[in-house]
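Next up: a single chain in C-alpha cells, the form predicted on its own.
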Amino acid sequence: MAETTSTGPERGARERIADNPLWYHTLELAPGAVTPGWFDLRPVVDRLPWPDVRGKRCLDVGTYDGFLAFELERRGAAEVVATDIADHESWDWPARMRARGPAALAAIAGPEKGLGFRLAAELLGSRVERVEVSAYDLSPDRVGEFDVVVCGSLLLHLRDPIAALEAMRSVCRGQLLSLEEVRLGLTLRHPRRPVAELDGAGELCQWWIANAAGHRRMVEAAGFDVVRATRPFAEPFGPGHPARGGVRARLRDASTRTLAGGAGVPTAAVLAAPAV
C-alpha cells in the first residue's frame, strides 16, 4: 500500500527504510527509495542460471532482507516461501564468538531479526511468506515440497553446509539454484579439484569458502546433479558496505576486478537437479 505522509510516498518509503539499522540487500522499495544494502545483486541477477519459475512453488533459503525471494515473485512464481533463522542467537557461531556474537550483531543490525524483510515486503506489497526455520531443519513435514529452491550466500556461514544442502534436497522436487562466494586463488590453482578454505574463528561467522569446483562438489555431495554453472563473477558491494582499506583489501579488489570482471565479492552459481 502506498505511503500517505505529507511529503508523498517516496519520502514515506525512505523514512521506513531508515527504521532498519542494517540492510544486507540493496532493494528499490519505491521509486527513488533504495535500501543502503551491504551487497547489490541487481547488476548481476540476470547472470544467474535461473530456471523457469513461472507458476511454480518456490523456496528461498536464508532470505535475510528477501532480495531473491522477491525476485522469484517478480519472475512469476505462483507461491514463494522465504526461510530464515528466528534470532541472532541461532547463527552457526564459531566457538570463539558464541558468547559475544549475538549481542555484537544486535548492536549493529538491531535486536529484531527479519525487520528488513518485513519492511521490504510491506512496501513492495509482496505476498511472500516468511517462515522461521533453520536450513538444517527443512523437511517436507515442516515446509512442504518445492519446484524450485534458491539459496544465496548462506553455505559459507554454516558449519555443515552439506547437511543444509541435504535438507534442501529433501524438499526439492525440481531444481536448486545455489550462489556462493568462492575463492579466486583456489579456483585458479585448482580449476577442477574441489577444495575449500576453513575459517571458523573470525567475527564474520564464516566457516567454509570453496573454490568454484568445491562449490559444485558440495551441491553434488548433497544428492544433486549440476545442470549448469557460471564462471566466477563479482557480486557488487552495495552503498552500505563498510569501507575497505589497507594494502590487502586493495590487492584483493584489484584481483577481483581482473578475474571476476568487477568490484565486489567473487561469486559462482550453479543450477542443479536432484540426482535420480
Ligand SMILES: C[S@@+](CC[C@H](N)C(=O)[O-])C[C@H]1O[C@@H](n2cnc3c(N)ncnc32)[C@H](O)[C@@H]1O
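Quick caveat, the model's predicted, so the values are computed rather than measured. Position 1 is the first residue in the sequence shown; the rest follow in order.
Missing here is the form predicted in complex with this ligand; even so, the following discussion is about that form.
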*Partner proximity in the predicted complex: P161 to this ligand, non-hydrogen atom cutoff 4.5 Å*: no
*Interface membership of D84, this ligand in the predicted complex, 4.5 Å heavy atom rule*: yes
*Using a 4.5 Å heavy atom cut-off, state whether L41 contacts this ligand in the predicted complex.*
yes
*Is S134 a contact residue for this ligand in the predicted complex, using a 4.5 Å heavy atom cut-off?*
yes
*Pick from 183 to 191, 153 to 161, 117 to 125, 169 to 177: which stretch has a heavy atom within 4.5 Å of this ligand in the predicted complex?*
153 to 161
*Given that this ligand is left out here, which of V219, C58, A212, V61 has a heavy atom within 4.5 Å of it in the predicted complex?*
V61
_Can you list, in sequence order, the residues from 12 to 26 that come within 4.5 Å of this ligand in the predicted complex, counting heavy atoms only?_
Y24, H25
